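We begin with a single chain expressed as structure tokens, specifically the form predicted alone.
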């Protein structure tokens, strides 16, 4: 093998060296360091004191951890149902030549342009019990009895925050399904119509099965997004009232950076990472299976 040929084979790997070094320093290194910190008692200033699995033993006895985990499950169940169904319905409705289709697509996608912090601030004002837009509107139309302290009621606060997340997520799911619909062969749809299939039967037996890879991606991404829920909770309630809206990411942040229990916060982040890893593996397995089919 000539020197030039060996050099040409090594060139791609040479270009990967710098990104790989940066990735190791900024992602892999901190990840392993977090695993180590989860086994210590550390306040962020003094030398970490190795305590083994005590943080995890304490975590699984902490009632706030189970409240946070339960709230994350509410996020997951909400995100894999309402945004998926609504996003698919919007994609089907807008995937045709109708007047104003582009404007509708832009309007439904526009919430995704806003950061979660901005969304939290806007909806926090809307949820204000005295002068908020929602309660003011209910009073204006004669439904004042339905006005609530949306973010102060421990039975409603979590659902009120999830509603904001759903409002933002629907447009994202819609775009993914619109992209998937571009790959559906119109000939198959025409053939189903020739065979006498109604619109619903065509969707059920032709279109939706062809959208299965997109649906898997949408569900997995929605689950991962719901597990990473932090911004809206932090901005709108900080986990209150009485931890009723706490999620794992917010619980971890408060323990680590407010209570200076870095080791305990690291243990929470490790548990959250392991839960997320299950769904990431499912997603990667599905992607590999799809590639092998082709």
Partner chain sequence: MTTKKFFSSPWRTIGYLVLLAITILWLVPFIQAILTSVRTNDDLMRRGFFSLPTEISLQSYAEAWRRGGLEYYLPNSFIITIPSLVLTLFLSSLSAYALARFRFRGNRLLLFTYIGGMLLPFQVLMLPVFRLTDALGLYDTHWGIIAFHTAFQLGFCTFLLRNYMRTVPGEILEAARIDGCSEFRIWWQIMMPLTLPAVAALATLEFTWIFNDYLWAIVLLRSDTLKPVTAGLATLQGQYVMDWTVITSGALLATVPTVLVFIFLQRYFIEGLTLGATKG
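Bear in mind the structure is a predicted one, so any value in this text is a computation, not a measurement. Each form is matched to the other, and the largest set of C-alpha atoms that superpose within 1.5 Å is called the rigid core. Positions refer to the first chain, counted from 1.
Although not depicted, the form predicted in complex with its partner chain is the subject of the following passage.
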Listed residue (158, 219, 206, 175) with a non-hydrogen atom within 4.5 angstroms of its partner chain in the predicted complex: 175
Its partner chain contact in the predicted complex: residue 142, any heavy atom under 4.5 Å: no
Residue 70: touches its partner chain in the predicted complex, heavy atom cutoff 4.5 angstroms: no
Partner proximity in the predicted complex: residue 114 to its partner chain, non-hydrogen atom cutoff 4.5 Å: yes
Residue contact check: residue 189 to its partner chain in the predicted complex, 4.5 Å heavy atom: no
Neighbours of its partner chain in the predicted complex among 12 to 27 [non-hydrogen atom within 4.5 angstroms]: 12, 13, 14, 15, 16, 18, 19, 20, 22, 23, 25, 26, 27
Threshold 2 Å Cα movement between the shown form and the other one for residue 274, core superposed: no
Residue 24 C-alpha shift between the shown form and the other one of 2 Å or more, rigid core reference: no
